[in-house]
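Just the one chain here, laid out as structure tokens, in the form predicted alone.
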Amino acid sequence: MHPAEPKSNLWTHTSAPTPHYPALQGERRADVAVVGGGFTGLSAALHLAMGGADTVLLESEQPGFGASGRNNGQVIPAYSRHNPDDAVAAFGEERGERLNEMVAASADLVFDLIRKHEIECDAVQNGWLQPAHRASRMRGVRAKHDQWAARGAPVEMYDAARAAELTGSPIYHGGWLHRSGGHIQPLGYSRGLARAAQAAGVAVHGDSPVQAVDREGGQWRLKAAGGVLRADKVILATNGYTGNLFPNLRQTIVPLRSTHVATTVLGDNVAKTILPGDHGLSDTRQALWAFRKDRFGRIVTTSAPVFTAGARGRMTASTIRRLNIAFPQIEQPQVEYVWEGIIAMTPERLPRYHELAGGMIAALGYSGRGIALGTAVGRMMAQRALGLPANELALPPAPLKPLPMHDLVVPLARTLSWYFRWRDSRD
């Protein structure tokens, strides 16, 4: 089975049942149209409805079909590469600190929504760990900790002995803990957001790929497969699945396969020695090693194949080797699920927000932090559509910057895992 097939995805088999959202049929009018049924679009739609806007969401498949239902499930209130001081350097003190505040609060937003709307998604907010895989990486870990601590985040440092206790692995040299992080069943969270949005009044339509968006009589006209939606404002929330609805938007990001692997269910005696506090873990490698447990006792981890041909076998073998290194107490690890989705990376590894034209806005490029950041940015775009001035947003509007030779850059970027692995082996 190909890793892109929904049945290959662990979360498809462990998510709560969900209704089938019907396709848009005929003609419909709304205050705001949201295109995309992932974390960003669903959060935007929910917050729009809570703010009183008549909202219609159009998803080409069903909510959570894309990377929002296919990721590792870790909820991380931090940047993938940068520190808070970098945001200040990039956007200025006021805007940079506003962005830092949004990122710092993003995990709490996720878990607050889960509690408020009683979303069934195996939510665990025990914290997120970033241990150092080399002693030389402790300096960068300390910088992250210190900068978030200076802004009041609930963080702490730990040494190698404590790292072994927290992770259940003997390979780490210390690290930092962000207590507001955690992990969820991401497809269950996506589906729960869809149900919450519908209960708040959003018309949620699946199986409704948008084929064209045009300006007509002061409104936007969205042509879907089975109908037409007219709206005053449009939110594009398609991220790694962005197509050609707006010129050059697709060329601003690099879509990358995000591949994940789950073991068979471990025995209780072994499972309780691995991440015994039920934390999520993403270490300091650029070719990331990320681990968490699901509620049944599987280890869910990441993989990074360069080529798709024969990838399943290679990922199975490489995952077993990685588990033998990180958790030698699993004597004979076995792989049960291998799946993938498409995430969006930006060159600077920061999300981008765009005001495209006449009330059409978009955001994309979470670079592996989509659960927390996508949810927060979705709320931010809802606030903008409801009238919040652009100069009060956490993310300043950015001009479209298509990547030169985009169609060449994308396949080349997929080979970077070789380079990252080489870098990870060096100081």
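Computed from a predicted structure; not experimentally measured. Throughout, we count residues from 1 along the sequence that is shown.
Below, we refer to the form predicted together with a small molecule, which is not included among the displayed structures.
Of the candidates Leu46, Ala376, Ala67, Ala33, Ala67 is the one whose heavy atoms come within 4.5 Å of the small molecule in the predicted bound form; the others do not. For the residues His82, His279, Arg195, His260, the 4.5 Å heavy atom test against the small molecule in the predicted bound form is passed only by His260. For the chain shown alone, Tyr241 is a contact residue for the small molecule in the predicted bound form, at least one non-hydrogen atom being within 4.5 angstroms.
In the predicted bound form, the small molecule sits within 4.5 Å of a heavy atom of Gly73. Under a 4.5 angstroms non-hydrogen atom cutoff, the small molecule in the predicted bound form has Pro209 among its neighbouring residues. Proximity of Leu177 to the small molecule in the predicted bound form: non-hydrogen atoms within 4.5 Å are absent; the residue sits far from the partner. The stretch from 397-405, 383-391, 25-33, 52-60 that comes within 4.5 Å of the small molecule in the predicted bound form, counting heavy atoms only, is 52-60.
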